[in-house]
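There is one chain below, alone, in structure tokens, taken in the form predicted alone.
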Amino acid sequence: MNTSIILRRLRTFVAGAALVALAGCAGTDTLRGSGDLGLIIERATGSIQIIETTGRTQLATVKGLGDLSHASAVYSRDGRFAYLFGRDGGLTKVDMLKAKIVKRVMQSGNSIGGAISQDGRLIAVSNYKPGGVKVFDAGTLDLVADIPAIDADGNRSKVVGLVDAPGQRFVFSLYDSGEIWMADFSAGGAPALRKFPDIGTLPYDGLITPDGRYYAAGLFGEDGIALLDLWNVDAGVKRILDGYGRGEQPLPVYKMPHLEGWASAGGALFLPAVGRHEILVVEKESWRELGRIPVHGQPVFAVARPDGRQVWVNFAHPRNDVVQVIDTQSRKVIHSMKPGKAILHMEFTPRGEQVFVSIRDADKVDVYDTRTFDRLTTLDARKPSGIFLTARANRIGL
């Protein structure tokens, strides 16, 4: 074999080896499942950090998301696309794998959250200004329906507590009018609306139980919760926990509790009480109060670890530098920590071995082992608030 043939074959071999090596690098760098991804909202800069939970690392930053001072997110069924709801009325679709904005629409003047339908085809946004709900095609972000929140007297209301429910429905509350509405999209086309007036004064937030059966609206204007059984909507709305603060001096409320952060564990529900230094414990089936757990301050979120054994609680200003952990079996606080000022959100990994905690004033997110309470790592983030993992994609109401 002459020298030229040997050189040609050597060049071919080296080029082939280089291609194999390059392909291997591309697979490592660009091929990724979406199941362990998540995002951290950086409220001060209108950006998000895309993270992965296996190695607890930051992968990318996406900018240009507008006012994220009270932002939240939901995910497509496959976890690839995040839909972010900004306070400025912006609805933004983000590709989590490519770390880029797919489309952004300004759909109102002031929005407060949103939801994705049971089949993943519709995105609903709740609006303060103008009051109402707008529904969009999840693929194109084209407007599908506009539902003004106008009561029987012709008054327009802010919309809060928007959740998705089984049966291709969205349920939400009218803050100013004291109503719960249900929009049913199961027939396609324009939604069928069902309205429940006179539920109580100033419903400030809403939640849906993990099985999708019950929708509950917390009331700011009075002690109590309005409950709607979505399996038996003809029965109407009933009041539970009525007057839980009766006879006691109300405290000033520095930040509304977030009922979407309530905890369901075992046979009980753990809810933050408005203006009180307590967690209310409620029996699931009867909705009667089982007890109260004294805590450090006014709770904002009470979030259950996925196995239901622990509930992690953060607090409103000025006591917002503390996180407490409640054992749901003993119903006692078993651990307290001080990660830093302005703890705004907590998010568990899907199986609950870790929890991500955003600490706004320290510009960081701490990750803790939920068994030992050891801090595993710290991620830098600019004024972080909400943390949303793609595991939410296939959970009702999240």
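Start at 1 with the first residue shown and count on from there. For clarity, every value in this text was computed on a predicted model and none was experimentally measured.
Keep in mind that the form predicted in complex with another copy of the chain is not shown, yet the notes after this line are about it.
Stretch-level contact analysis of 52-60, 336-344, 65-73, 360-368 against another copy of the chain in the model of the complex, using heavy atoms and a 4.5 Å limit, identifies 52-60. Between another copy of the chain and the residues 307, 146, 289, 222, the one pair within 4.5 Å by heavy atoms in the model of the complex involves 307. Proximity to another copy of the chain in the model of the complex, taken as a non-hydrogen atom within 4.5 angstroms, holds for one residue of 317, 129, 77, 238, which is 77. Another copy of the chain in the model of the complex is not approached by residue 87, whose heavy atoms all lie more than 4.5 angstroms from it. None of the heavy atoms of residue 110 is located within 4.5 Å of another copy of the chain in the model of the complex. Of the heavy atoms in residue 211, some are within 4.5 Å of another copy of the chain in the model of the complex. Another copy of the chain is not drawn, but in the model of the complex it has a heavy atom within 4.5 Å of residue 116.
With contact defined as any non-hydrogen atom lying within 4.5 angstroms of another copy of the chain in the model of the complex, the contacting residues in 375-398 are 391, 393, 394, 395, 396, given in sequence order.
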